[in-house]
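Below you will find one chain, with nothing else, as C-alpha cells; this is the form predicted on its own, and questions on how it binds or moves follow later.
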Amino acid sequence: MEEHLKPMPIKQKFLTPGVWALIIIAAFGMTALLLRYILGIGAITNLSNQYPWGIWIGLDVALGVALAAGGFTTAALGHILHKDKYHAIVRPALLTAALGYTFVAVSVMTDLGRWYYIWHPLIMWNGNSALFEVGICVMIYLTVLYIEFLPIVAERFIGKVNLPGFLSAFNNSVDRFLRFLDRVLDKTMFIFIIAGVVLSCLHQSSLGTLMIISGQKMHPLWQTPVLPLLFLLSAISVGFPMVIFESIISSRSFKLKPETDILRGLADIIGPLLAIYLAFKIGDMVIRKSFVYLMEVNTVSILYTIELVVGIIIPLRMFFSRTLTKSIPGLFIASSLVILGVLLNRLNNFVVAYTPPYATSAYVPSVGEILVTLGFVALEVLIYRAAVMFFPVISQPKPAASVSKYSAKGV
C-alpha cells in the first residue's frame, strides 16, 4: 500500500542521557533566573547605565526572533504560495516559532529592570517608539502563533476527550467545542497565516530600526540606514536553514528517516536568498565606504569578516553545490553556518558594535546571564520534545487509507 506522511505523536521514551543533560542545564538556568527576580537584575548581570542591554537582548531576543523566522517563511511557502510538498515541515516550524517567541517574551521581561511592568505597552502607546512597535508586533504575532497551533490541539483531542472524575460530565461539551473550533479555524486560518507573515516582516525589520537610533554609539561597519532591511533579509535567509537544522536534529533524536526531498527543495531556495542578502550587505558597504574599517586588524574587523565569510559566503557556495545539498551532512553543515552567521550578526549589532560614550569598562556577560541564556535554550528543547511526543506535529509514514483531513490541511 502506498504510504503518505501524516503528523502523529512520536512514541518514544522521553528521558534519555541527552535529555537529562538538558534538564541539568535548565535547572541551573532557572536557578539563576529565580535569583534575578528575587535579588534584582543588578545582582546577576553586568549591565549598567552605559550598557543597558547584553546577551539577553542580543541573543535571547534578537537572535531568538530571527531563528523563529522559519514559522512565517514556511507558512508563506506552504500556504500562501501553495507548495503542498512542504506541508510536512509547517507544523514543526510552527511549534519552533511559538516556543521561540514565547521565550523571547520571557527574555524581554527578564531584561526589564521592573519586570512587573511588562504589560505597560498594552495601555501606554507611543507611536514614535521603535521598541513599542517591536513589542506590540511580537505580542500580536505570538497570539497568532498560538491560534495557528489550535487545530493541532483539536486534532489531538477530538473524539478522545476523557476528563477525570466529576469532570467527565463535560466530555461531550468539550468535544463539541473542539469540533466547532476546528470548523471555524478551518475557514478562517488563512487570515491568521497572512497576518503572521506581515507581522513578522514588521518586527524583524524594526529590530534594525532600534539599533539605528543608537547613532554614533554603534560602529560604522554595522550602523547603516538600511539596517532594518538587512535584519529582515537575514531573518528570511535563516528561516529555512533553521527548519533544516531542526528537522535533521529531530530525525536523529527520534530515529526517523530525514525528509530528504523536502530538505533539498528548501536548500534550492536558500541559495538565492543568501545571494540577495549578501548583495545588499556588500552594496551597502561599498556605498558607505565602510570597508575601510576592515583594513584595521582588531576585534571588530575580525568578527565582521567571520560573520560575512563563514556565515554567508561559505554556506552560499555550499547551497549552490548540487553535490553537497544531496547529502544530509552537507545540508546540516551549510544550515549550521547560516545560523552561526546570523548569531554573530545579532551579537555584533547589539553587543560588539555598541560602544557607549564615557564607558569606564567593556561589557562582558556574567555567569548568571550565560546560565539564564543556556537554561532558556535547554528548556525550549525539552518543551519541544514533550510537545512532539504528545501532539501530532512531526510527519511520519502512514498508509494512505489512514490519512485524515487534518494531515491534508497541513496547519
Partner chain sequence: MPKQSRRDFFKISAALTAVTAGVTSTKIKAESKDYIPDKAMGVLIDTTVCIGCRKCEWACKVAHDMPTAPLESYDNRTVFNEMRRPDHTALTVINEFPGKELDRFPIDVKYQCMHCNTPACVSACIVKAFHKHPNGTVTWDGSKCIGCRYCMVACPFQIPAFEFDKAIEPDIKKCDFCFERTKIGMLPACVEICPNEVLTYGKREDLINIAHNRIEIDPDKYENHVYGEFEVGGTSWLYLAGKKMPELGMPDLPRATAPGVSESIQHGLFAYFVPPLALYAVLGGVMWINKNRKNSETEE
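Being a predicted model, the structure only gives us computed values, none of them experimental. Numbering follows the first chain given and starts at 1.
There is another form of this protein, the form predicted together with its partner chain, and it is not shown here; the text below is about that form.
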Self-check item: Distance check, S206 to its partner chain in the model of the complex, heavy atom within 4.5 Å
Solution: yes
Exercise. Answer yes if any heavy atom of Y116 is within 4.5 Å of a heavy atom of its partner chain in the model of the complex; otherwise answer no.
Key: yes
Quiz item: Looking at the partner-bound form in the model of the complex, is D268 within 4.5 Å of its partner chain by any heavy atom?
Solution: yes
Quiz item: Y354: heavy atom within 4.5 Å of its partner chain in the model of the complex?
Solution: yes
Quiz item: Going by heavy atoms within 4.5 Å, which of 143-151, 90-98, 187-195, 173-181 lines up against its partner chain in the model of the complex?
Solution: 187-195
Exercise. Could you tell me if all three of L210, Q216 and L232 have a heavy atom no more than 4.5 Å from its partner chain in the model of the complex?
Key: yes
Self-check item: M285, I158, M318, I236 - the one with a heavy atom within 4.5 Å of its partner chain in the model of the complex
Solution: I236
Quiz item: Of L47, L371, V381, L347, which one comes within 4.5 Å of its partner chain in the model of the complex, counting heavy atoms only?
Solution: L47
Quiz prompt | Within 249-263, the residues that have a heavy atom no more than 4.5 Å from its partner chain in the model of the complex | solution = none
